[in-house]
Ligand SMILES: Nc1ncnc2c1ncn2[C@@H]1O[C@H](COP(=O)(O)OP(=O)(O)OP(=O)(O)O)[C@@H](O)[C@H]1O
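As structure tokens, one chain now follows by itself in the form predicted alone.
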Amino acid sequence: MRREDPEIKGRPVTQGAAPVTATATQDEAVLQISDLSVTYGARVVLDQINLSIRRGELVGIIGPNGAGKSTLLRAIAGLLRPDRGTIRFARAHGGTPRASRAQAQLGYVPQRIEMDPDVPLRACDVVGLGFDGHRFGLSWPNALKRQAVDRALALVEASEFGQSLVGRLSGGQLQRILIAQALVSEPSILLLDEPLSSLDLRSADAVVSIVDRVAHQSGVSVLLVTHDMNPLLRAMDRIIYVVNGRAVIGSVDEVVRPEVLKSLYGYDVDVVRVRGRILVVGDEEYGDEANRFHHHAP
């Protein structure tokens, strides 16, 4: 069931991990970001981001290259410290408030992970690293770990190639394994940075189906960075649209509107809907940034 909340409004968003506070908010709220700002030198990357993520929703983080999408995800993951603002996590699985991201149970898949074809690891071994990857070296297998790995592989529909060498997997298969690795510890929030990049249409559609199921059947909140919203349209609950370090959040119909996008881009844009796809077209006077943003329908 899709949920929309027109009362949640994004404000402009800016580098650096923000103070992390665990909070016992409403059951469905798993993440709240307030006044988050990040700078690189003199450049403002994110400027006063404010947003709240609910339990079990799939949220696309959309925007052109260099807009600040990956920086936002890295700040949530604790990989950089913002200049100001707070990131608050809800109680993990109904327990006592947790103060760290590890305790808040985050799963994270970064961009551009490649595997050497000759690496002597099976896909299931890579998934297992997410179960006890905080330890040095490879651990001895045990029944609890095997069960967790089997569940994660099944969740991403990768059981059939779990015994395959990870370096010999296709791009789509490897992406499933990396998602399974992030899910094996049963996180409450899954962060995916450009998981559809370089995948063919069939593989990308399979990944979208998987994250749709993870969010809406397993109750994991999924934040997925991509430059093209179209593959996610059938599955997304809400969208965080980031341009020039500023962001708005809401449903696609609330956010992808000319007047809203004009406030982000700083110039007039048109929103064209063709055959179930969306194309954002910028004013020619300002170049092709918006024009290149979303792919034309095939």
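All residue numbers refer to positions in the sequence shown, first residue = 1. Keep in mind that what you see is a predicted model, and the values were worked out from it rather than measured.
Form predicted together with the named molecule: not shown, discussed below.
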property: Touches the named molecule in the model of the complex: I53 (any heavy atom, 4.5 Å); result: no
property: Non-hydrogen atom contact S251 with the named molecule in the model of the complex at 4.5 angstroms; result: no
property: The named molecule contact in the model of the complex: H227, any heavy atom under 4.5 Å; result: yes
property: Exercise: Q111 in contact with the named molecule in the model of the complex, heavy atom 4.5 Å; result: yes
property: Heavy atom within 4.5 Å of the named molecule in the model of the complex - the one residue of I33, V45, L232, V59 that qualifies; result: V45
property: Interface residue in the model of the complex among L264, A67, I240, V269, criterion: non-hydrogen atom within 4.5 angstroms of the named molecule; result: A67
property: Listed range touching the named molecule, judged in the model of the complex by heavy atoms within 4.5 Å, from 36-44, 232-240, 269-277, 252-260; result: 36-44
property: Within 4.5 Å of the named molecule in the model of the complex: residues from 183-208 (heavy atom criterion); result: E194
